[in-house]
Structure formats: structure tokens, C-alpha cells
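A single chain, nothing else alongside it, follows as C-alpha cells in the form predicted on its own.
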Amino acid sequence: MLTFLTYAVLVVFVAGFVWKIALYARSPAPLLIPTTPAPVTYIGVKMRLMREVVFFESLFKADKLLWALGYAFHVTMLLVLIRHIRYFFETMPPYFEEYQIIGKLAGFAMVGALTLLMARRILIDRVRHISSIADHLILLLFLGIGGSGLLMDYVLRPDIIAIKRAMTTLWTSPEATLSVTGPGDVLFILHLIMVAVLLLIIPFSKLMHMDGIFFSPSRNQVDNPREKRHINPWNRD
């Protein structure tokens, strides 16, 4: 059952992700609308996209507080994900043990950043006004995943050996199962369900900004209206 559910979630995630990318790729850009000051060469556009993806450049210029919280969340989430690699392989390099403390600290920082992002949406009037129910639910889902992870680390510890055995045999054994023997194991199953829900909604929510940034006309266009005429794709015929 665990194997079936895992494959089903991954199929929906991958299919939805590819479908959304194809949709973005087919969407025409009728106007030349790069946000100025914009690069005038294709190399400049690539560098601009790199700075957006790696450093959140435009967000830094627009809102320093949101940039600090958002950047902290994304970086610490990456560190936490790296720490989770150990659950999918039987053996890990010796230095990976030293990384565990970094991953644990990143977990606290991630939940802290998410809590402040939620407080920002609730306490700041202009942000609360433009926040939808989906915005709050996505933040709550991330908080649930991060919070349950910390609880499993420090309060209700599940059977880590059984979990690792199930995860490492997930792709090779259709009979891979998780035993429930205590509150920690129940918490892990809830944690796993929330991760599955997150993967299912990513292709159909604003979380697709992770890929949509590359298709944004205001970011991926060259500012060369005098050198090259921009033809509206709708008017090619």
C-alpha cells in the first residue's frame, strides 16, 4: 500500500509539473514587457534569471523584510531536504553524520521563518487584504510538516530503523510497509501524508513559481525594441 500510494503521488506530481511547464511554454507573449532596467543581451537575461533564482534580487529591492523571511525559509528548507537523504540510502558517507546538526538547526530556523511569514499575513493590513485562503493553507501545511518533523526529533520519536527500512525498500519491494507501534509512528504517518498533499498541490498552485519564473515575460525578455521588432505570436498569420 505504501508503495502504491507513493507511486500515485509521484505520478500526479510529475504529470502535473510537466503539464504546467508545457502550458507556460505555449503561452504567447504579445508584448515586449521586460521590467526595467532590463538586460539588452541574452547573456544578461540569463544572468538576471540566475540572480532571481539564487538571490531573489527583485524581492530584495521591493521588500527587505519579506526577502529576509522568504530567503531564510527557502535556504533552510533546502538544508532540511538534504538531511532527509539519509532515509533513502542504506549507507551514507561518514561526513554526513556531522551534517545532522546543521539539518536540525535548519529545521528550527525554517519553522521560525514560516511562523513569521504567517504572522506577516495576519498582522499587516495590506498583506492580509490580498491574502487568499489558499495562501494561509499552504503556509499551515508547511508549518505542519516542519513542526511534526521537530516533534519527531525531540518529543515523540518514531521507530527510525523501521522507517529507514521502509524507505530504502520503497522502490524495490511492493510489500514495503510502515508499522504503527506508538505515538511517534502515528506522527510520522501524518508527516508523510502532509508531504504527499504538498506534492499533489504543487503543480496546481502558486508554488509553481519555482518554474514559472523562467517563463515570466518581465524577466526572460531582452530589452531590445529598437534592434529587433517583437512580433505578437497571435498575429503571425
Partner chain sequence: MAHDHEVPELLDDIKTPALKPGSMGHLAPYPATEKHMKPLGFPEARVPDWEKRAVEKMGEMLKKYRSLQVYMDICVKCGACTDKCHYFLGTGDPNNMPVQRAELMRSVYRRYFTVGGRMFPGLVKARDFDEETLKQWFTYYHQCSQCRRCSVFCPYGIDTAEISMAAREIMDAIGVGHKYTAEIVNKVHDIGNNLGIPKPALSGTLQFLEDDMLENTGHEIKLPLDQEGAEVLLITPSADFFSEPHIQSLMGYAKVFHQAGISYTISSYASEAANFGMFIGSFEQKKKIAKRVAEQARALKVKRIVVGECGHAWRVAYSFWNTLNGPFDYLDPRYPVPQHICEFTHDLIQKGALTFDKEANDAYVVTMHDSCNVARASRMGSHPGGQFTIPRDLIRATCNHFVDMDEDTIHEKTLCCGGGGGLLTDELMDLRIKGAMPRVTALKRVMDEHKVNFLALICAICKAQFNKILPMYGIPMDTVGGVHQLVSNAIQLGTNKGIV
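For the two forms, the rigid core is made up of the largest set of C-alpha atoms that agree within 1.5 Å on superposition. Please read all numbers here as calculations on a predicted model, not as lab measurements. Positions refer to the first chain, counted from 1.
If you look for the form predicted together with the partner chain, you will not find it shown, but the lines that follow are about it.
The partner chain in the predicted bound form: contacting segment from 132-140, 98-106, 77-85, 148-156, heavy atom within 4.5 Å: It is 132-140 that comes within 4.5 Å of the partner.
Proximity of Asp125 to the partner chain in the predicted bound form, heavy atoms at 4.5 Å: Contact with the partner chain, yes.
Non-hydrogen atom contact Val195 with the partner chain in the predicted bound form at 4.5 angstroms: Result no; Val195 lies far from the partner chain in the predicted bound form.
Contact label in the predicted bound form: Thr168 to the partner chain, heavy atom within 4.5 Å: Heavy-atom contact with the partner chain at 4.5 Å: absent for Thr168.
4.5 Å heavy atom contact, Asp185 to the partner chain in the predicted bound form: Because no heavy atom of Asp185 falls inside 4.5 Å of the partner chain in the predicted bound form, the answer is no.
Any residue of 40-75 that, in the predicted bound form, places a heavy atom within 4.5 Å of the partner chain: Residues within 4.5 Å: Val40, Glu52, Ser58, Leu59, Lys61, Ala62, Leu66.
Threshold 2 Å Cα movement between the shown form and the other one for Asn224, core superposed: Comparing forms between the shown form and the other one, the Asn224 CA shifts at least 2 Å.
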